[in-house]
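Okay, so here's just one chain, in structure tokens, the form predicted on its own.
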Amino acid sequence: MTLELSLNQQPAHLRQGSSIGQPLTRRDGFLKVTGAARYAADNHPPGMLYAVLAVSSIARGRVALLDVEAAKAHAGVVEVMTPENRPPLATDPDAKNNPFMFRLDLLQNDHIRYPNQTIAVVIAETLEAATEGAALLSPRYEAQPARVGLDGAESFVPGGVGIGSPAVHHKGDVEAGLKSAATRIEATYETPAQYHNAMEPHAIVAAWDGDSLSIDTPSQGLAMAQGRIAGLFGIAPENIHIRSPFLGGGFGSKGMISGPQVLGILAARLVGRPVKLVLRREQMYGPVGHRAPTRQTLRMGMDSEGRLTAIGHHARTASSTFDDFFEPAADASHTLYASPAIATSHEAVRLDTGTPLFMRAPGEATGSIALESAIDEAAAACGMDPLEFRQRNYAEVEPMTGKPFSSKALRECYTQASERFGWQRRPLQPRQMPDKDGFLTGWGIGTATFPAIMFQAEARAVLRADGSGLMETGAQDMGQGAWTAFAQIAADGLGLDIDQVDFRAGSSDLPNAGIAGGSGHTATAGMAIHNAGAAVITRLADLATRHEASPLFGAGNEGVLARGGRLYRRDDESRSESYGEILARAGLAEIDGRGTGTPDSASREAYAMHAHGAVFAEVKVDPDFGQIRVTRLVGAFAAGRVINPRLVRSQYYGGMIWGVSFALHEEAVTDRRSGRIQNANLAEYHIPVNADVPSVAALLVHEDDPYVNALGIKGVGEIGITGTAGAVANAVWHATGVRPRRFPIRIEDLLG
């Protein structure tokens, strides 16, 4: 007997139940504001010791001497782990067998590959003793000159950028398109190295029991971390239990297990007791990833009507000397603007830094600020309003593939955001809007986009005889509200009110929820939850429709509906039965079902899938001192079905604020003599504070996308950066008449 359940009907983006779409507050909010939320470093198992890293103060060379005896002689120090006594590993930490595996520095030798690389781990009874012991090591080095900056080494064309994208890509003849153009522009933009700087530093509490390992650590991907640790130590993944219920931010840096976290595990094995290791803020600048610097050159040609005839986008970036991650900045030109000829290319240099990794909107953030700045310059060269120029040139199909995508949603984003902002009052020429206090006012626009990514995930759903439900998946919540959104999906999937559903997540002994990255976690784990709910309702309905005593008996192909803890006949809703009644008659205390979330390969082959948006920025610039203030931001975003508008708007705010940070504040400054980061702290590594973003508005544009997944969900965590940074840069030009060419924009750039 086949049942037609409302949970599986297409298109599934139509509203179901009463939880999805509601602006519910965070389920974990009370725990966080009262201090009851337990983060990794809040755990203190009996007998726990403290581990502190001793890190390199040079960028390149080797450790010639460590005064281990002085450190061990300090009161409270239990052990010092160095390359000489580090416990053995089952696999080489420099080995790689998949694109998401990166080389780790685990005291395998005395070589130094970047500043802040671990050279020893001091383990002690107290944090203070371990810290003092690390200072007493007094390392001596054989140093070599540091390779620093985008001109600090010979460049090469990498084998790929990002995760598997080609370094060079083209369609049409860009040179011919430029030659035939009525108007041409060429500009070079530079973006700096940036560091994730999550509020919660990387931390681990590790305890061994024979070959079983218990870990508390922040992780964006529990199953991936479990597999990596299992391979390094030669134990079964099921012998590793990782707890990660709360993360104080990640932004990509906690997507893969890092070297310092593994060193905490090694320290616990060495001393045979639980060990806690927490990175200091300055130690996060090196071993846990960053966004690489870029230098990007864009060339554009336009015909007499202001339509693009060619786009050339070349990016130079950097990776470490020992591993490969190349920021795919030029790929930003693949997805937004239509041109008969588009060419993107990358080159790279190897520097004495830690390996760059995924950092919120990797490639899109760096590439879009250059692309949007160049598009604005192209509009000005054609004498056109920058919004009109974008509307004339945005693509109706994905430019590089020809696949259709939701271009109508982008058009609506332009319309709603521009009307809310008041863009129609903007003068075309710069320096035309001084305010009453004499400050130069400028208005700028940036187009936002981010791919709608899905990974793979699993979930388990349970219905109980008391009418309650349970949903389990090993999902992660970095502060974006995932636990709340997933509970909303679970409640609708189970046909229950949200207070009737227990939601379990954040532990590796639960079904694999994939990785919380790429703005794909809600779609991926959400679809697994949705399908697990459908599976358990199918089993429950089968019990009812096959039993003669049930009012649902014989429903057959007409099917049933799940709502409010009851099953209803679709053809006669006066005939229904509660979950508890069905389970009691079957003699069951509970019934379960499992579901998976996977991308639909046929849809992804046929359609390009992106979220879109438009951001408008207002800045005020002091004409005498060049000081820049962002006074207003308005963004409109279309990202499929919105599970919780309160949480989605919060994510847009965070992305837009990060865009302000990218344009005006954020930069890691490297000492060219030593190769060390000079501002490795939150006092000198500048990020926006409340006073820097006095007015932010995010508009949620309705979008139904029946192809992206059955729930119609796209990601919202990263798209806000991609339009905002360019909008701020373009507003600065409109205020001052000076085109920013390097970021963050500096006062001296405006004063000439």
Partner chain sequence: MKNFDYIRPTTIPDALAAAAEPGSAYLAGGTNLLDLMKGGVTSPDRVVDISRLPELNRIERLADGGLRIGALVRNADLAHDPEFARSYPAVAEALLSGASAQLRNAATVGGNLLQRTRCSYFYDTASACNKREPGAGCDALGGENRLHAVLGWSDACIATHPSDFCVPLVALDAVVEIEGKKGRRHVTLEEFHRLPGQTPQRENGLEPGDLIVGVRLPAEAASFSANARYLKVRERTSYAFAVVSAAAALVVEGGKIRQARLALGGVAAKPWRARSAEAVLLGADADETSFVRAADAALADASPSGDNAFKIELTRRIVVRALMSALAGTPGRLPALPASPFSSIPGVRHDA
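Predicted, not measured: the structure shown is a model, and the values here were computed from it. Residue numbers count along the first chain shown, from 1.
Another form exists, predicted together with the partner chain; not displayed. Remarks below refer to it.
In the predicted bound form, Thr309 stays away from the partner chain, with no heavy atom inside 4.5 Å. Heavy atoms of Gln117 never reach within 4.5 Å of the partner chain in the predicted bound form, leaving it off the interface.
In the predicted bound form, at least one heavy atom of Val669 sits within 4.5 Å of a heavy atom of the partner chain. Heavy atoms of Gly47 never reach within 4.5 Å of the partner chain in the predicted bound form, leaving it off the interface. Within 4.5 Å of the partner chain in the predicted bound form, a heavy atom is found for all three of Ser57, Arg629 and Arg673. Note that among 661-669, 510-518, 406-414, 497-505, the stretch whose heavy atoms approach the partner chain to within 4.5 Å in the predicted bound form is 661-669. Site annotation in the predicted bound form: the residue of Glu132, Glu175, Asp542, Asp94 reaching within 4.5 Å of the partner chain with a heavy atom is Glu132.
The contact residue chosen from Arg273, Arg280, Arg184, Lys171 relative to the partner chain in the predicted bound form is Arg280, the criterion being a non-hydrogen atom within 4.5 angstroms.
Residues of 670-693 lying near the partner chain in the predicted bound form, listed in sequence order, are Thr670, Asp671, Arg672, Arg673, Arg676, Gln678, Leu682, Ala683, Glu684, His686, Ile687, Val689, Ala691, Asp692, the criterion being any heavy atom within 4.5 Å.
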